[in-house]
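Just so you know, structure 1 and structure 2 below are the same protein chain in two forms, each on its own as structure tokens.
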Structure 1
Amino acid sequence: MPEEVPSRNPNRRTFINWFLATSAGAFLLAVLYPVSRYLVPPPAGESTAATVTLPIKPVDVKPNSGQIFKFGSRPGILIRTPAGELRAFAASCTHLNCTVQYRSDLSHIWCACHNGHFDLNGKNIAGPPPRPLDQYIVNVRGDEIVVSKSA
């Protein structure tokens, strides 16, 4: 719609138009790229501090074994009791916050730092830990294990 303006140098005019169109296109890309990347959901999925979906499949947790998982920036421990039930606890020992582990030979949870023992309900049964481990709720959703803090 702009009227044809006679220019001193038609080549220069074409170049400016070309330059404008290119940089405008680049600009549009520079805006759209971050926005589209932003809209793609990140692998971590959800932001809640209260639930975490574990990168462990239920079948990979054998009876009488346990695994450490990441809950926020704190460790959690997922165990399968010899009876086959899945349970999860905060893996920070209630004594001095060391990470506890599952001892298949004892069939209960154990802290290596000061030899603290917890039973399969997370209750402190021997050694210095003063309190039971905090228990989480474990739900199995298809092939996923979802651990959440109790309300």
Structure 2
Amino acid sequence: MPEEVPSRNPNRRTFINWFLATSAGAFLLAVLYPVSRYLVPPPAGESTAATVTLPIKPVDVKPNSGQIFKFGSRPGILIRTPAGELRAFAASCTHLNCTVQYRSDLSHIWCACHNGHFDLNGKNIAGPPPRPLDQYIVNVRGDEIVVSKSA
């Protein structure tokens, strides 16, 4: 009796195995791609702005108060100390980048996310922030406030 030679034409079982393997691969790709994009965010470009003129007039900033402003793509905070001196810092907490705010009742900068505290020089004094806030240079030119990154 002659031996049967396997047919070169794909049969139904081969097609179904190929189809299932392709479907499983497509499913894994459809699940893993968004998860990987979430876990590895795209790099955020640093703002190229070195100086910003604030829309705030110096007389509008009362002693022992603070205001948030935009420095390029990041928030900044402008503070007038109880003594009347203007200071500016990056308003992103050095712990987890939450936006900080000025607390006039405590006379220092406070991060509400994890109760981080910074003094009026930007130094971390309590809570989990690992380092001080980045300080900016403040110049008053007539009726304008100009904030610059330090050199």
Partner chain sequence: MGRVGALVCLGLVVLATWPVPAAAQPPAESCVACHLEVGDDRLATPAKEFGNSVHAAKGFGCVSCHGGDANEAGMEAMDPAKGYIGKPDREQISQVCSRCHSDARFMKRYNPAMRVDQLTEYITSVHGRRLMELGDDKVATCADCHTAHAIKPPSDPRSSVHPLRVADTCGSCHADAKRMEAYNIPTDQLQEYKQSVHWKMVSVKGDLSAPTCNDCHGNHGATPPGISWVGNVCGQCHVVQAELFTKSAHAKIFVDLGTPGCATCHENHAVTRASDDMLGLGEGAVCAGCHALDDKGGEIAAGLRERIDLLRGEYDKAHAILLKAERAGMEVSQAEFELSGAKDALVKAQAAVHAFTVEAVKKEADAGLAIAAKGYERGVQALEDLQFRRKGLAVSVVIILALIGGLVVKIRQLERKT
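Rigid core here is just the name for the largest C-alpha set that superposes within 1.5 Å across the two forms. FYI, numbering is relative to structure 1, first residue = 1. No experiment lies behind these values; they were computed from the predicted model shown.
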Identity of the form predicted alone among structures 1 and 2: 2
Residue 140: Cα shift of 2 Å or greater between structure 1 and structure 2 (core-aligned): no
Residue 18: CA movement between structure 1 and structure 2 [superposed on rigid core, Å]: 70.0
